[in-house]
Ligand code: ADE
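Given as structure tokens, the chain that follows is alone and in the form predicted on its own.
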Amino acid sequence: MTIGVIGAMPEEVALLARDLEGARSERRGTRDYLRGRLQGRDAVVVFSGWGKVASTSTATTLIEVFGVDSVVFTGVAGALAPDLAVGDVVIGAELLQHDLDASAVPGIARYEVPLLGVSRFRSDARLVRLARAAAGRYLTERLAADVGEEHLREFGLHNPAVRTGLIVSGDQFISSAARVAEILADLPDALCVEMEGAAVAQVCFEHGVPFVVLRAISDRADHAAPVDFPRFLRTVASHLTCGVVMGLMAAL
């Protein structure tokens, strides 16, 4: 079994790339795919770039060229649910494209992918279960040691939690309370928002490949409580996104 691991930013997969045993790089298009072993499992780790097109291209290459048997997407996201805090981890049980709307065509609902008849793509139940357990273990057993108390205090990380539910994706960087309210008005169960997960989910759905999306909350999508994003990504999120994946790989 070979696991494909994608991150939209280099920092989200940097520690995984560092720990990849026997790493060898293969360039396809503009991306470098790193092959090796993580926790005794064959893996391909890749930085995709932002957005649905970039992540779709990357996921397709992982499946068609490298023959991965499952796909894990790891990275950060903005919180939509009011009870989510910076440092919490969301495991995407379902993924949906919030900016997809072909409903002007009779018979197609808003958010539905034309010709597929699907709006919500369900992650593999086993991967969700294992990812949730891995995230819980990492938050309680490893996060403080990896990040350090100073950074935990700096970003107000007090007992980060793990949630499972709907993640929504779109080619928009959501940064206003008004846009958050619009999304939640139609999708009240949405936990967080990002730019890639649902596109990867669609690719995996169409190829029959199990997948799961893991997101660490980096900010509120309405920017009500601004965070030094580059610093958070470098000092906290890089450990979160990679640590949870390593725990998941060990449990497979």
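Small disclaimer: the values here were computed from a predicted structure and weren't measured. Each residue number is its position in the shown sequence, starting from 1.
What follows is about the form predicted together with the ligand, which we do not show.
Practice problem: Look at the candidate spot formed by Ser70, Val213 and Leu248 and say whether the ligand comes within 4.5 Å of a heavy atom in all three of them in the predicted bound form. | Solution: The answer is no: none of the three residues contacts the partner (heavy atom, 4.5 Å cut-off).
Exercise. Heavy atom within 4.5 Å of the ligand in the predicted bound form: which of Ala131, Val89, Ala77, Ile167 fits that? Just give me the one.
Key: Flagged contact: Ala77.
Quiz item: Quick one: which of 53-61, 30-38, 205-213, 191-199 gets within 4.5 Å of the ligand in the predicted bound form, going by heavy atoms?
Solution: Only one stretch passes the 4.5 Å heavy-atom test: 191-199.
Quiz item: Is the gap between Ile174 and the ligand in the predicted bound form 4.5 Å or less for some heavy atom pair?
Solution: Yes, Ile174 sits close enough to the ligand in the predicted bound form that at least one of its heavy atoms falls within 4.5 Å.
Quiz item: Do Ala221 and the ligand come within 4.5 Å of each other in the predicted bound form, heavy atoms counted?
Solution: Judged by the heavy-atom cut-off of 4.5 Å, Ala221 is in contact with the ligand in the predicted bound form.
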